[in-house]
Every structure is written in C-alpha cells, then in structure tokens.
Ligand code: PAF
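Just one chain is shown here, as structure tokens, and it is the form predicted alone.
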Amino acid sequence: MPIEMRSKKINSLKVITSLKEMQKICLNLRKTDSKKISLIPTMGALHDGHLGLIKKAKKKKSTIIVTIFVNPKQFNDKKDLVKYPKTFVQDLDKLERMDVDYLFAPRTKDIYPDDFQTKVVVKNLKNHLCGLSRDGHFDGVTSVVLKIFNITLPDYAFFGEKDLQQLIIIRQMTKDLNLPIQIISHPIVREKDGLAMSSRNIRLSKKERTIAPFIYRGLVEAKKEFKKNNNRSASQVTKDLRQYLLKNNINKIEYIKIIDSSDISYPKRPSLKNYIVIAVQIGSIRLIDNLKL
C-alpha cells in the first residue's frame, strides 16, 4: 500500500500522511476529547516490542497515535538506510488488530522540505556509546522526535528500553525544553532465546541468528557473577563479558560499558542500579542490548 495517500480509514484505523491534517486532528482532540493522547514513534517493521508499547499505552485509556517514519537524518550509513526493512502493509494489519486510532506516516519531503535548516542537539549525552561511531545519529533522532511531538501534541510518549541511550537523550530534551509530555519507557521485549527484538533481526543469516542470542546470555552471565561478588570493578565485569562473547563467535565488539543511566557516567565500582550496555556487529548487522545489574 503506498504511503502517498493523503489520508485513509482502514476499518477503525485512520491513516494520515499530511502533517497539517495530523496536527489539526490533534489540536481538535485536545480541545474536545476528554481522553489524552499517547504517541508511539516508530520506523516501522513492527514487532512485539512495538506492540508492547501499544499495550502499555492502552492502559492510559487514551487516543493512540503510532508513527511510521524511516528518518534519513539518523542514518550515518546510507546503505543501512536503503536496507532498512519496510513492511508497511503488514504493519497496517498489526496496528488495525491492536485497535490503534491513528497511524501517522508522513512523507520524507514533508518532514524535510528543501529549505529545512534546523536541528536539535543534546550536547553531552550524545558523545558516548553509540554516538561515538554514529556521527549525527542522535541529532537526527532528537530533531525528528521534537518535530513529531509538535505535530501530534501527545500527553504521553512511549519508547523501548533497548535503545537506552536514545531514551536518556529524549528524556533530557523533553526536560530541557519544558515539553508537557511524560516519557514512558517499556522493558526490552525478547525472542524466546533471549535476543532483543529489533527490526534488524530479520536481516541476520541463519548462522548469524544462532550466534546473536549469546549477546543476552553473556549479559545474564555478567549480572549473575556481579551479584555473587558486587565488589568487582567495572573493568573486571566488562573484561569477562568480552571474553565470553569472543568465545561464542561474537568478534566485532564496538563497546561494552557499565553506565549510570541518569547521566551516562561510568562508575568504576558499579552498583545494582547501573546498566551493562553493549553494541556488537554480527555479519553486517549492528545489534545493541543492555541489562540492569
């Protein structure tokens, strides 16, 4: 189904592509509807992680808006943008079955017209972890998220905890700019073998897919060992996890860190409230995960 349509109703789901129309609908909702607005921003290729966000939003008894927009500004590798999975027809079916009220699927040329000049930068938090290898990625995320916030005017916005750094940055942006939006997180949803659900997982080969679950198994092992002896240093924990991954054929490790999620600082002596965060590459696919100690 093409996204070029202006708007269309598919049973109960209303599909909107026009920025002005979506904003007008949301302004009217805020004026006339006693229910609040819940927003779930996505890039499509929806999986159970996204559906978990929708289920959590439903508990708010609110009008639910899901966005699908593959944001070119957050891809520093254009090949990755081209290969990003696009499953719009299947996504529509899932949203309809979840009884979502609106799907907002804007066109790239409308989000970024030819004279577009503005970006939103959360200065310090982006200069860690994924931001070190993905130049401009988080500027692209915060810029498009703020723009979508301004169009959909949500009371609540839901984000998954798999993208932990992204969640921390969006919370900071919302706080810094005094946005009247409650950012609500949802725990990582995993496959039966522990692999964190991601739209990229379908691009793994069969062999790579058998290797990928060792990311989570390694995190669980590191957590277990830390609970046995929580006097261990961060460097000891991350060194042991690195050895575990290498032993299980995960050879391209971008980073393994233990962080304080309030400010992305790196405690030398971790506590149970800290997170182990990890990024690896399996084949050509970059995967991230995290686990609270």
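Only a predicted model underlies this, so the values are computations on that prediction, with no experimental measurement involved. Start at 1 with the first residue shown and count on from there.
Another form exists, predicted together with this ligand; not displayed. Remarks below refer to it.
- For the options 201, 74, 185, 172, the residue carrying a heavy atom within 4.5 angstroms of this ligand in the predicted complex is 74.
- Only one of the listed residues (157, 141, 215, 129) places a non-hydrogen atom within 4.5 angstroms of this ligand in the predicted complex, and that residue is 141.
- With a 4.5 Å cutoff on heavy atoms, residue 43 counts as touching this ligand in the predicted complex.
- Residue contact check for residue 166: one or more of its heavy atoms lie within 4.5 Å of this ligand in the predicted complex.
- Heavy atoms of residue 95 never reach within 4.5 Å of this ligand in the predicted complex, leaving it off the interface.
- Under a 4.5 angstroms non-hydrogen atom cutoff, this ligand in the predicted complex lacks residue 103 among its neighbouring residues.
- Checking 190-198, 177-185, 142-150, 115-123 against this ligand in the predicted complex, the stretch whose residues place heavy atoms within 4.5 Å of it is 142-150.
- Scanning 78-110 for heavy atoms within 4.5 Å of this ligand in the predicted complex gives no residues at all.
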